[in-house]
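What follows is one chain in structure tokens, specifically the form predicted alone.
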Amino acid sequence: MELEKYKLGGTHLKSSDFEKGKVLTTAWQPNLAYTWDNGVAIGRYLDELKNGRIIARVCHECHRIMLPPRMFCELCFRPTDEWMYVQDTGVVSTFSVARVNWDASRRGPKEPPLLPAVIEIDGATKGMGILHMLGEVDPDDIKAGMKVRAVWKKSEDRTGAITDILYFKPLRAAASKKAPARRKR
């Protein structure tokens, strides 16, 4: 028969074979720990975040300031040239109002939504930026093009991770807390 050549052989098992203990089974928890090498560019980037600074790489060939930084330019196929500090301010490129957690579970009805956004960082080439969270803003007030500033953890709490920036908040919110300017006479 044509199908015979596809049989893999072996012993056919039934559910009852497992239930009656005719099949040896074992249960174990694999150790799935792993490490990831940050590399030169991301390693320096994370070190600078720990110090409260954002750093990028410059490519003199295609005139880009790349964030996150990389040691190799994917457009002109050459090593990047130098490090450059950029601002901790930027513009919201795109955003989402998420009513689910990162593990896809529903947020409680009293929990505020998560507000992930892509932030184009000032000083980096347009279109270069990072994915991070927005804070201190009503979801209905978020707009593409909104100016934002990083809110950092206290220096003693930073670990050299992207989470050293707690979130980005609108610049207008900070400005609105200032006393109104007096008119000159």
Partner chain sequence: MIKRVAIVGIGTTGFRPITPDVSYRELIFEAARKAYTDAGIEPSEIGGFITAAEDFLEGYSICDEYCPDQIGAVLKPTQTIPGDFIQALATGYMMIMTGAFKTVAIEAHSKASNVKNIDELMGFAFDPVYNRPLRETPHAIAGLEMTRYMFETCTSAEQCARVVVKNKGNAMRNPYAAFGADIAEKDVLNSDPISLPLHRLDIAPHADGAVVAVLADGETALALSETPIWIEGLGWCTDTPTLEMRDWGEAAYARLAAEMAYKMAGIANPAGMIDFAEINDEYSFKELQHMEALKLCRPGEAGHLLESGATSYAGDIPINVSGGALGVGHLFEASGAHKILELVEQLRGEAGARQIPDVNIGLAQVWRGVPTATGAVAILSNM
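Please read all numbers here as calculations on a predicted model, not as lab measurements. Residue numbers count along the first chain shown, from 1. The term rigid core refers to the most C-alpha atoms you can superpose between the two forms while keeping them within 1.5 Å.
We do not show the form predicted in complex with its partner chain, though everything after this point is about it.
> Residue-level contact is defined here as any heavy atom of the residue lying within 4.5 Å of its partner chain in the model of the complex; does residue 72 satisfy this criterion?
Although its partner chain is absent here, residue 72 would touch it in the model of the complex, with heavy atoms inside 4.5 Å.
> Even though the partner isn't displayed, in the model of the complex is residue 156 close enough to its partner chain, meaning a heavy atom within 4.5 Å?
No, residue 156 sits far enough from its partner chain in the model of the complex that none of its heavy atoms falls within 4.5 Å.
> Whether residue 112 contacts its partner chain in the model of the complex should be assessed with a 4.5 Å heavy atom distance threshold; does it?
Flag for residue 112 set to no.
> Heavy atom to heavy atom, is residue 151 within 4.5 Å of its partner chain in the model of the complex?
Contact with its partner chain, no.
> What residues, if any, in 19-33 have a non-hydrogen atom within 4.5 angstroms of its partner chain in the model of the complex?
Heavy-atom contacts within 4.5 Å come from 26, 28, 30, 31, 32, 33.
> Relative to the superposed rigid core, does residue 36 relocate between this form and the one not shown - that is, does its Cα move 2 Å or more?
No; that C-alpha moves by less than 2 Å between this form and the one not shown.
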